[in-house]
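First, one chain by itself: the form predicted on its own, in structure tokens.
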Amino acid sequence: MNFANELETWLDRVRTRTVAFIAIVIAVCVTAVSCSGGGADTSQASAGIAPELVADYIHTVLAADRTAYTKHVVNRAQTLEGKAKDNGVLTVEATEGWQQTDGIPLPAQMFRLGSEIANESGYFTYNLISPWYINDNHAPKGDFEQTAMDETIATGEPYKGYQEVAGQQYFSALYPDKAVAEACVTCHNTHPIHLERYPDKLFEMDEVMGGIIINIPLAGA
């Protein structure tokens, strides 16, 4: 099996999904009627599909692709960050330094590769955030993300609302990011930065480890 080709196939799928997302956003012409009050206001769009529903569509595909990659690629690798996996069947290593070792990206890295492609479009952005971040780019930013993260950790449910950033109105939604595979738990619990910053935090399967934030800019707000 050629894992370089396998990885490129996954990236092609991400690009295809991104084009589909952009088409959805353009087609529905999301326009806010009212964003007054901020917070978790759920104002409806004046035409097309409500931004809340668009965010749900986007998240469904993002979560499905990431879970599939984690369970059916990373979990089947014979090596995870230098440690042999007894149930591994793919002769490849899943590692943070995948570009230097000819390995494959960890799930969070694969997710970030897709987000970099999507974020270039300008139609919407998405990212991983967590109070237990390893990558500084994944720290909650601003009051909305901090409040959303606190609520999602506490309830295990999505947090949605409107926010304004640099004069631009956004519909933003944070969805819980749960540990869906042993690789998620193992990588974080043993990572040197995690051990240094959060020595008392040990993740367990199905625990909320952070969130997926989706921001959709609104026209005519």
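Only a predicted model underlies this, so the values are computations on that prediction, with no experimental measurement involved. Residue numbers run from 1 along the displayed sequence.
Unshown form predicted together with heme C; subsequent notes refer to it.
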I'd like to know if residue 160 sits close to heme C in the predicted complex, meaning any non-hydrogen atom pair within 4.5 angstroms.
no
Please determine whether residue 184 contacts heme C in the predicted complex, using a 4.5 Å cut-off between heavy atoms.
yes
Partner contact for residue 112 in the predicted complex: heme C, 4.5 angstroms, heavy atom
yes
May I ask you to check whether residue 180 falls inside a 4.5 Å heavy atom distance of heme C in the predicted complex?
yes
Triplet 118, 141 and 215 all within 4.5 Å of heme C in the predicted complex via a heavy atom:
no
Taking heme C as it sits in the predicted complex, which residues of 91-109 have a non-hydrogen atom within 4.5 Å of it? Please list them.
96, 106, 108, 109
